[in-house]
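In the form predicted on its own, a lone chain appears below as structure tokens.
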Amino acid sequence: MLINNEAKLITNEYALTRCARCNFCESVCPTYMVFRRRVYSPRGRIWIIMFLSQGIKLSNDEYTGLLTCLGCRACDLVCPAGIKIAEAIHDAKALLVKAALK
């Protein structure tokens, strides 16, 4: 339950619901360019964080998608909604690590 509440804070703090699904972030994401799967894109990672906030159990693929973000921040530069996607992903990754250590 704690992870859900903390994921909600990340969702709200970074206003992830503002994502317009424009896909600009996908065109600059190195991991998406390699894997060509939404789960490895910034947009997919936003949805994964939102799944966490709703208490939805993640698949191994979704965990991997979130954890493989390189933190390059290219997605932040092209996001027309001004979402700091890389920072939100960083915080979510820290949340997963913290939960795993408990």
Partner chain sequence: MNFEAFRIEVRRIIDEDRIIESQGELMLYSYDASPAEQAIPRMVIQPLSTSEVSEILKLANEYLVPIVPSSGRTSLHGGPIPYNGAVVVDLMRMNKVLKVNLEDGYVHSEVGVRLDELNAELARYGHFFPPDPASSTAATVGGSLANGAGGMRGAKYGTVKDWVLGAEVVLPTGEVAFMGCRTLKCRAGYDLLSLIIGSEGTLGVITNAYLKIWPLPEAVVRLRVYFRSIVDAAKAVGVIKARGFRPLIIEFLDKGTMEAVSNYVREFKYPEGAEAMLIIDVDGPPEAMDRYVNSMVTLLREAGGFEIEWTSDRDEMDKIYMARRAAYPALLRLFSNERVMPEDISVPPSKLPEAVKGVRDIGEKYGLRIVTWGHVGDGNLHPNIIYNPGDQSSISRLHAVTREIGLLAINLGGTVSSEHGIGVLKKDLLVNELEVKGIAQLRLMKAIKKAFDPNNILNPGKVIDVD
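Owing to the predicted nature of the structure, the values given are computational and were not obtained by experimental measurement. Numbering follows the first chain given and starts at 1.
Although not depicted, the form predicted together with the partner chain is the subject of the following passage.
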{"query": "4.5 angstroms heavy atom contact with the partner chain in the predicted bound form for R21", "finding": "yes"}
{"query": "Contact test in the predicted bound form: R73 vs the partner chain, heavy atoms, 4.5 Å", "finding": "no"}
{"query": "A94, heavy atom within 4.5 angstroms of the partner chain in the predicted bound form", "finding": "no"}
{"query": "4.5 angstroms heavy atom contact with the partner chain in the predicted bound form for L9", "finding": "no"}
{"query": "Residues within stretch 71 to 102 having a non-hydrogen atom within 4.5 Å of the partner chain in the predicted bound form", "finding": "C79, P80, A81, G82"}
